[in-house]
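Coming up is one lone chain in structure tokens, specifically the form predicted alone.
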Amino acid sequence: MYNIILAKSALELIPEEIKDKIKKSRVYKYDILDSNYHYRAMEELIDKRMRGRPDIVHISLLNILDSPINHERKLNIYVHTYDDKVLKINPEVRLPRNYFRFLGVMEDVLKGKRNPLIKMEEKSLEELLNDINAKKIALMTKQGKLTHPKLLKEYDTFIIGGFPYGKLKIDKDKVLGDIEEIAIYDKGLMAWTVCGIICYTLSF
């Protein structure tokens, strides 16, 4: 089994400190932070450039879930969020293709509503890595060692940043497994592209 983790993902409920600055519209009625609709209110947030992009999670998960390696049930899928929540995604879940319907599902999950196919826990990324017994971990980053995709099969766990800007910070001293920074291209790629390349490579 392989593990794939979207880490520090820009998926979260609207923070309490800016709730009073946000008005729901007929178009966007969800309690999920989205920089397309909440840009002005987000000016006061820490790490504002990393946050408010649930579309990254949506597209990445659609790519992962429809991959051959997932259809063969050889993949564990996790979304770790900016505010240290972990969503374990059942490989059989059928996520909505429509973005707004996806937001509705995620809002329910993040608010604690039971979903048998998406389970949520409060957990740091380091705790998650240890809990799943990750041994050889590839941290995907454009600053990493340029590596041919065919060599990805040497790893059991893949971490992809689920945010638009910034650098993922991991306290390696708290992680039992070995973490290597890996790049599969000499330029930055979107998270969903990296997910697609990893899943395709592991499938064959």
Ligand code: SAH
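On a predicted model such as this, the values are computed, not experimentally measured, just so you know. Start at 1 with the first residue shown and count on from there.
Note that the form predicted in complex with the ligand isn't included here; everything after this is about it.
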{"query": "Answer range among 40 to 48, 63 to 71, 172 to 180, 134 to 142 for contact with the ligand, defined in the model of the complex as heavy atoms within 4.5 Å", "finding": "134 to 142"}
{"query": "Close approach of G161 to the ligand in the model of the complex, 4.5 Å, heavy atom", "finding": "yes"}
{"query": "The ligand contact at A191 in the model of the complex, heavy atom, 4.5 Å", "finding": "yes"}
{"query": "4.5 Å heavy atom contact, I184 to the ligand in the model of the complex", "finding": "yes"}
{"query": "Any residue of 164 to 178 that, in the model of the complex, places a heavy atom within 4.5 Å of the ligand", "finding": "P164, Y165, G166"}
